[in-house]
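One chain follows as structure tokens, the form predicted on its own.
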């Protein structure tokens, strides 16, 4: 049975921070299909469209009929552990610092066998549920989980190395004034975070929900205005070395397309708050988080950005806003590459219209801020990179795979 995680002691300031190291990260182009599935929390393998054979490891042609049509598809994840062993020494520098490490051979019910990481509650001969997770290098690895959830399952040492669970971590919520930020604070605090820093521009100004926000255990309000580079720099200088997870909850959705607006004032505000605000956070918090990617239990783990799903396909009713979101998406892809050397994940939470005042004229379905916050915590616990929350986001994601041009026309209508 997994031992419950103990709240870490305050770090000795004279103790050297462990340098972030990455596991071996070389993959073939075909094997990135596993990474794409792991990034969304799915278990997918290659399935031959001609003979139906399920393939592993990834290859360019079917091993049974030699067909080249072997796309990745979601498959059943159940299996049995055939054998297990514990590695106590390794020539790989990353694993040498993390031994002992359990691995084993798992036979899937659907056919293939895996050499996979083993959760601590899994024993030889046991039924397991195979999952794909992203390791510190950003590549997919397989870990066998208990077939039924066990107590303190999320506290397993090997699993925590592959996830970004907020438990006992210190989290920064960049904007606590809006409904999304307040819901995120409650969800993160409930998930067991040690400290929740809540950013407020002009914290002396009252706002709805302020009293309830300040009463949440573990909440620490900080002055943070992401439109002001000096404010971001000052706050980072005070708390960046303590932030393990950063959640960017700032938002500025405004209705309107491109031609209908008079002037560029609103567009500049959208870009300053969303795109340039993201850059300011990345520049001042990113380097410190990257350097702390292996800092024990309290290692920096994730940079989370809440995005509109219309960053993937413009919604002309909110055309300029969608364009700003697309710029943010492109920036997070660059940020993901830069933070990877420290083992810090960048998580994009894609959502449709939220049930807030800025989307009050939009018909249902709409997503509640609480549902988005809950999904964010779940995504952190799974250690994924891209999550699509709500009916609208999932529908747009599915239709982009089928016919992007048809989706463009439908949104434009």
Partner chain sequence: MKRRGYDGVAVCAPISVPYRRYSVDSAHWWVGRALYAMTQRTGLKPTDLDGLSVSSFTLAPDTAVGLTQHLGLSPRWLDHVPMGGASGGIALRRAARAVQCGDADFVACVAADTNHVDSFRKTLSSFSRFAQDAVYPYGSGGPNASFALITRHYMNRTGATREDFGRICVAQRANAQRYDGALMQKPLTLDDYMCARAISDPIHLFDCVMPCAGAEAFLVCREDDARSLGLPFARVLSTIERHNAYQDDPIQFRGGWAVDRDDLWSVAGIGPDAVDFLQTYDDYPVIVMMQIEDLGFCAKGEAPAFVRAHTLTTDGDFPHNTSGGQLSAGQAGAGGGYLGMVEAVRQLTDQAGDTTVPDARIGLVSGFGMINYDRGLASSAVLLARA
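Residue numbers count along the first chain shown, from 1. Keep in mind the model is a prediction, meaning the values are calculated, not measured.
Absent from the display: the form predicted together with its partner chain. The rest refers to it.
- Per the 4.5 Å heavy atom criterion, its partner chain in the predicted complex is contacted by stretch 86-94, the sole one of 273-281, 146-154, 169-177, 86-94.
- When its partner chain is considered in the predicted complex, residue 142 lines it closely, a heavy atom lying within 4.5 Å.
- Under a 4.5 angstroms non-hydrogen atom cutoff, its partner chain in the predicted complex lacks residue 318 among its neighbouring residues.
- Taking non-hydrogen atoms only, residue 105 approaches its partner chain to within 4.5 angstroms in the predicted complex.
- Among residues of the shown chain, residue 35 is not one whose heavy atoms approach its partner chain to within 4.5 Å in the predicted complex.
- In the predicted complex, no residue of the candidate spot (312, 378 and 407) has a heavy atom lying within 4.5 Å of its partner chain.
- The single contact residue among 74, 124, 338, 220, judged by any heavy atom lying within 4.5 Å of its partner chain in the predicted complex, is 124.
- Contacts with its partner chain in the predicted complex, taken as any heavy atom within 4.5 Å, map within 116-134 to 116, 117, 124.
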